[in-house]
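In structure tokens, one chain follows: the form predicted on its own.
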Amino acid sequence: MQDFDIIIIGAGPAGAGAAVTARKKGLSVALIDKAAFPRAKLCGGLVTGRCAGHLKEVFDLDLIPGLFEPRRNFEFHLGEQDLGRLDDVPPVYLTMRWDFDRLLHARALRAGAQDFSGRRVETIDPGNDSITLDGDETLRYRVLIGADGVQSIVAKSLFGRAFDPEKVGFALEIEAPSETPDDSTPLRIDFAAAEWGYGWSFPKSRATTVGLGGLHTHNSDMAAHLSAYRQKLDLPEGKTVKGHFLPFGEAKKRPGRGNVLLAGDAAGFVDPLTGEGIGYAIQSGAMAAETGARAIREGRPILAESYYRAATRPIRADIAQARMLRPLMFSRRLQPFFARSFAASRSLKRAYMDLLAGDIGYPVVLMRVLGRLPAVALRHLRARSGQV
């Protein structure tokens, strides 16, 4: 039996961020993942300006040319309606998760985390602060961090299930042939390509990542939506389709319990409008390690969740504010108001991009958007925001 200060289950951006941060605090760390790296991951691979800031802060990682492809131009659509194009916006970056996650995992191991990749967790025993891996190997922890995604086994051990199936999202994605893009090639966003969701086409040098996602309960046949979206983009059938649940803005009010914490997708830290989750993953992973380290230093690991809940309050507030705007973009009754306002307003498009870049927050976006809505739409928005 091995003892660790912090055990982290899930070695993606959240887990790697937690591991690097914990090692900076001088703590012993076990980093576990059922997959061996590199491994495939469903994700558009969009790295926002906010995420770039977290990469620098947590990993001291600059945006390496080749791994991160800058884009400054966007096209927006809703159904058959062209909502316009926005050029020369604050840059976002595209990456391939195969390479990106391998790099962050390597940084965590270089920092001194003990590698347990390619190992499955068989049991979690919060009562004895221990986990058992395949092969009947037992590890003990003072703080456990679940960074193991939307299907989190750590969340299941705490709450009986990882997510509410009535509120979670679902996405499908393919890797289409590369369009040999350059820095001026636009990214495409299609609002309502799926019910209560959107589609995306992100041309990269090695492939074009195309996908769509939406609330699971509103999309009984997501495959049909993807087929229609392929036809719209004139993409051939036959490419391998990947599917995955998404914690679509369903942030957990209590992201853990006692000395067990949830970070990234496992905590539901995904923006319900932009779908951005990598930045929140890195940020919350670092917060989990910092608050876990504080609780360990004070000799009371059981206080980790209360410290962590306070630290993540801004993340949960951002996601709650985004949920207020979600009906405006996705409900059928309000979409005409959104389409007219968004198509006609360069400032709203730029606000959307400034939000992605991390230059503004949701309070500013809420004020800009709500000020443009007629009273009938505002009343409907307030009613719907509490229902979905």
Ligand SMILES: Cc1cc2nc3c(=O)[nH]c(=O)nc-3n(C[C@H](O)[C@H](O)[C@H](O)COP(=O)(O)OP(=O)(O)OC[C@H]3O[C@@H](n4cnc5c(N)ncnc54)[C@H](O)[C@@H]3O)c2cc1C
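Given the structure is predicted, the values throughout are model-derived calculations rather than measurements. Residue indices: 1-based, along the sequence shown.
Heads up, the form predicted together with the named molecule isn't pictured, but that's what we're talking about next.
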Item to check | Candidate site 13, 46 and 202: all three near the named molecule in the predicted bound form by heavy atom within 4.5 Å | outcome: yes
Next on the checklist: If we define contact as a non-hydrogen atom of the residue within 4.5 angstroms of the partner, is residue 145 a contact of the named molecule in the predicted bound form?
Outcome noted: no
Item to check | Interface membership of residue 140, the named molecule in the predicted bound form, 4.5 Å heavy atom rule | outcome: no
Next on the checklist: in the predicted bound form, is there a heavy atom of the named molecule that lies within 4.5 Å of any heavy atom of residue 351, even though the partner is absent here?
Outcome noted: no
Next on the checklist: My question is simply whether residue 292 lines the interface with the named molecule in the predicted bound form - judged by any non-hydrogen atom within 4.5 Å.
Outcome noted: no
Next on the checklist: Which residue, 159, 74, 98, 245, is the contact with the named molecule in the predicted bound form, using a 4.5 Å heavy atom cutoff?
Outcome noted: 245
Next on the checklist: Looking at 194, 171, 155, 304 here, can you tell me which has any non-hydrogen atom within 4.5 angstroms of the named molecule in the predicted bound form?
Outcome noted: 171
Checklist entry - Can you pick the stretch from 26-34, 59-67, 338-346, 359-367 whose heavy atoms fall within 4.5 Å of the named molecule in the predicted bound form? => result 26-34
Checklist entry - Using a 4.5 Å cut-off on heavy atoms, what residues in 109-144 are near the named molecule in the predicted bound form? => result 119, 120, 121
